[in-house]
Structure formats: structure tokens, C-alpha cells
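Just the one chain here, laid out as C-alpha cells, in the form predicted on its own.
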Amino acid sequence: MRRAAIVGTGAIATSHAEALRAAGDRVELVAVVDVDEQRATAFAQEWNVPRVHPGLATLLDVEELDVVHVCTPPRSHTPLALECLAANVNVLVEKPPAVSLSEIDTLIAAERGSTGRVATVFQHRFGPAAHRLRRLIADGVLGRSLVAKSDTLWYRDGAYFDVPWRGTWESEGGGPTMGHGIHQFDLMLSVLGPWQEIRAVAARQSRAVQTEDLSMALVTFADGTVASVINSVLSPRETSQLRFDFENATVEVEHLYGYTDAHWTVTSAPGHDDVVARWNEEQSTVVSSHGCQLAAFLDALDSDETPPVTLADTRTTMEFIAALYASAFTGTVVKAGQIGPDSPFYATMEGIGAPWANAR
């Protein structure tokens, strides 16, 4: 049986504990860590975790672990992951895995010298329908990809940002582009492959934050697909939508925080009714969740393979975010590969500074 620990026992840790419990006898949650000892103790009691440790250093010194689940605020993700790698322990880190592209590259370098591996929680990649979509694309059933969109239209009121680390560049790394829409456009990137260039805008429309509360982008992919991406925390009717228009069919999903097959629709182009039939050959009621990704993570460990989502996969998504901010704040088209160490958007997503930073 694998041995796991959770660092950070806030709200998202519950999803990890649920996934670990659902994995049954494949893995055991043996310890938790939190800066708030009272919260950690209450969490441990709720989930029948035998031990609570005061910090990660003690956890790594005392426990024999296969994986540490990092569920802390974004600013601490990279330092904690680096500490785990130094101890040769695998890491499953919540999104965003880092607050800059520079930090991702630091993790990549550290991983080379460790037997531990870092995987990012992008659970929507692992729903059965997403697997099916990628397989049908690979099999040529859907034809060439033409148009796509990713809409994350959520609502977070002012009270949501009263939590000190939210809405700041230093602690959260960005606004809804980093912390909310990332799940949807990461799934889009996993489906469509490499992106080529991006034109974007970002705005602070309403919320009293340092970061944006809205961003929009027009993206061209290497295969010629043109896509739009919207990330908002200003939208009272909340929805998460992805749409892919291929030569032979349109494939869509609309959900909020997790999908099943019931949230997906497939509309065939004239003369391609077989596409819908192929899609319907498989049916599932499984929700895209932390449980799906944890199962894939454990499968990889059992077969001595690198767990998904790798740091290389994650870097593509993080580079996309950096390029979106760079395009929005400079008013220019940004191409893949353009954000390097000499770019102000490499070390921080804020880059040269948001246009509204000095506004009255």
C-alpha cells in the first residue's frame, strides 16, 4: 500500500482526502501538516489520519512516504515541492503549481536530481469523456480541428477576496486566469496540442484586487485551430464551457466544477452521423475529479512510470498564462517560446505591471 500525506488542510484538502479514501487499499493517508495546528488536528480527526506534524521538514524526516499532496496557498507550492524533491518524495501539487514560469523551470531542474516526481492537479484532463475525445481525434474520427472556445464564467464576490492571499500577484500569482480558468483552458490545451500565438486583454472591472478579474484571449494553435478563451469571476450565471468544432462534428461540454458524460454533447456534420455513434459506444457516470487523477497517478507509480501531469505538460499551460498576461499588458501578439529569462513576465506574471496598477 502506498503512503500519502497532505500539506495544507484548507478547503481543497477535502477533495484530496476524498480521493485518497476512494482509492481504497491502494493508498493510505498517514499524516497531515498545517500551519494552523488546530485546523490540522480537526482535519485529521475527521478523516481518521493517525498523525499530525508541525511542518513539512518534520513530516519528511519522520514518515516513509510515496507522495505528498500540496494543498497550500499558491505562493508556497514551489518551495514545498522543492523540499519534497530534495527528500526524493513524489509530489501532487494543486493548481497553480507555481506563481511564475521561472518557478516551473526551477522545479524542472530540481526534478532532474531527484527520484521524486512532480505532478500538477489538472483533474479535468482525466474524466472519461476527455479521454474519449482525445482518442477520437487521434483516430481521425473527428477530422481536422477548426475552431474552439474555453469559457470560465464564475462569480466571486468581494468577501471571497478578504482572504489575505487572494487577488495579489505575490501570493496568488494572478487572477481568474491563474486560479479559475486554468482548469478549462488546460483541458483545451491537452486536447488541441501546442499553441502558437496569443492576443489578449485583461481588466480589473469590479473587484478590489491587484490582479485582473477578467481576461480574454484569441489563440492560434500549431495545427491552425483558432480559439477564444474567457476567464471571469464577475459572472452571476456561472458556467464552465468548452466547445470544439472539427470538420466532422462539434463536441461541447458545459458544467461548473466537474463533468460527467451527461454534460457533453456531440453534433455531427452532414454526412458524418457515425461520429455520434462512435461517441456513444462508451458511456460513463464518473465525474472528472481528483479521484480520477489520483487513480492515474497511482497506476503510474505501480508501473514505474512518470505520473501525469508532468512538469513539461504543466509548463505549456503556465507559459500560456504568462503569454496571456504579456499580450494583455503590452498590447502585442506573443508567440510560444517568447517568454524567456530576459522577459519581465518570466519571473512574475505581473511583468511590467498591470495597466490599472497606478490608476486612481
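Note that the structure is a prediction, hence the values are computed from the model and not measured. From 1 onward, residues are counted along the sequence shown.
There is another form of the same protein, the form predicted in complex with a small molecule; it is not shown, and what comes next is about it.
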- Let me know the one among A202, V121, V89, L142 whose heavy atoms come within 4.5 Å of the small molecule in the model of the complex, would you? V121
- Query: Is H183 close to the small molecule in the model of the complex, meaning a heavy atom pair under 4.5 Å apart or at it?
  - Reply: yes
- Task: May I ask you to state whether W165 is within 4.5 Å of the small molecule in the model of the complex, using heavy atom distances?
- Result: yes
- Task: Tell me, yes or no, whether R125 is in contact with the small molecule in the model of the complex, where a contact means a heavy atom of each within 4.5 Å.
- Result: no
- Report whether the minimum heavy atom distance between R39 and the small molecule in the model of the complex is within 4.5 Å. yes
- Task: Tell me the stretch among 203-211, 127-135, 265-273, 75-83 that has any heavy atom within 4.5 angstroms of the small molecule in the model of the complex.
- Result: 75-83
